[in-house]
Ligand SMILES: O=C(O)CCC(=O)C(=O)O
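Given next, in structure tokens, is a single chain: the form predicted on its own.
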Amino acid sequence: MSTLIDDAAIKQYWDSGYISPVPIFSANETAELRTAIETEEAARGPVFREDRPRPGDPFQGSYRFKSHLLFKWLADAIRDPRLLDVIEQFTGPNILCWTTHWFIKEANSANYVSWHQDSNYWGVETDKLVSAWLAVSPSTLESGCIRLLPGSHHGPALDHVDTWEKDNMLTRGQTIQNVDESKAINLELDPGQVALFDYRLAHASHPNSSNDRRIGIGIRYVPTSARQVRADWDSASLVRGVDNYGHFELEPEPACDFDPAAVAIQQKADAEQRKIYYKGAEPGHAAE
């Protein structure tokens, strides 16, 4: 087991729903990750400029979701033993990476994330889904770091409304209303540190008022016993141990960037995941 977190931190995770910060990658390693994603953005457009054709580029899909299937460097990062040793303490030894989500706020941008619980939309049935939110650039109060409500993963799901607000970075602007902000805490992170939190935990983030981009990626880990209940098909990457359940189609580990076999399943999985996120929604109808 990892020595990065102790029994007190593990207890805090189960009681409060999070631990942060957990140091994983060095400054140099994280700088390489930033260079890698920004190189892709320079070639293919920003992560949030989704589903727009790029003439001459054989890959015409989105790469905000499940991009561990597109980039060898990210496939390696989600399998890093230093990270998995920590995750294993919450999921057990047999671990799937269900998906990856980029969250990039441009410098001095209005983009924000409203209060929400991921468990309301993802359809993954387990009480051990761990979100590892990796800071690729400084995540500070000024740049709009994660805010969360400790303990909100206990009890029934909170009510959400779909707002479709244009600056909201969530798929449907899903929002928990009337949150008591005085109970929220901020999770500031240096590059290479991660915040771990339960996917039932209510969380949000303010706009980025700094002069640097706030770059982060959410890596979502589950035990192999987890299952998808909002769709007939879903996929995940086996990153440690064995899968004796077969609830998800196992994704190929890319041998190189844009490995054709991995790209094919990424495009299918990306499309299916969007259906899951939007299930039950009425696109374009904002809450009053």
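As the structure is a computational prediction, the values presented were derived from the model and not from experiment. Residue positions are given as counts along the sequence shown, with the first one as 1.
If you look for the form predicted in complex with this ligand, you will not find it shown, but the lines that follow are about it.
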> For the chain seen here without its partner, which of 73-81, 182-190, 149-157, 213-221 has a heavy atom within 4.5 Å of this ligand in the model of the complex?
Replying inline: 213-221
> Does any heavy atom of residue 133 come within 4.5 Å of a heavy atom of this ligand in the model of the complex?
Replying inline: yes
> Do residue 205 and this ligand come within 4.5 Å of each other in the model of the complex, heavy atoms counted?
Replying inline: yes
> Do residue 176 and this ligand share at least one heavy atom pair within 4.5 Å in the model of the complex?
Replying inline: no
> Does any heavy atom of residue 90 come within 4.5 Å of a heavy atom of this ligand in the model of the complex?
Replying inline: no
>> Since the partner isn't included here, can you check whether this ligand sits close to all of 121, 161 and 165 in the model of the complex (heavy atom within 4.5 Å for each)?
In response: no
> Considering only 84-119, what residues come within 4.5 Å of this ligand in the model of the complex, judged by heavy atoms?
Replying inline: 103, 105, 113, 116, 118
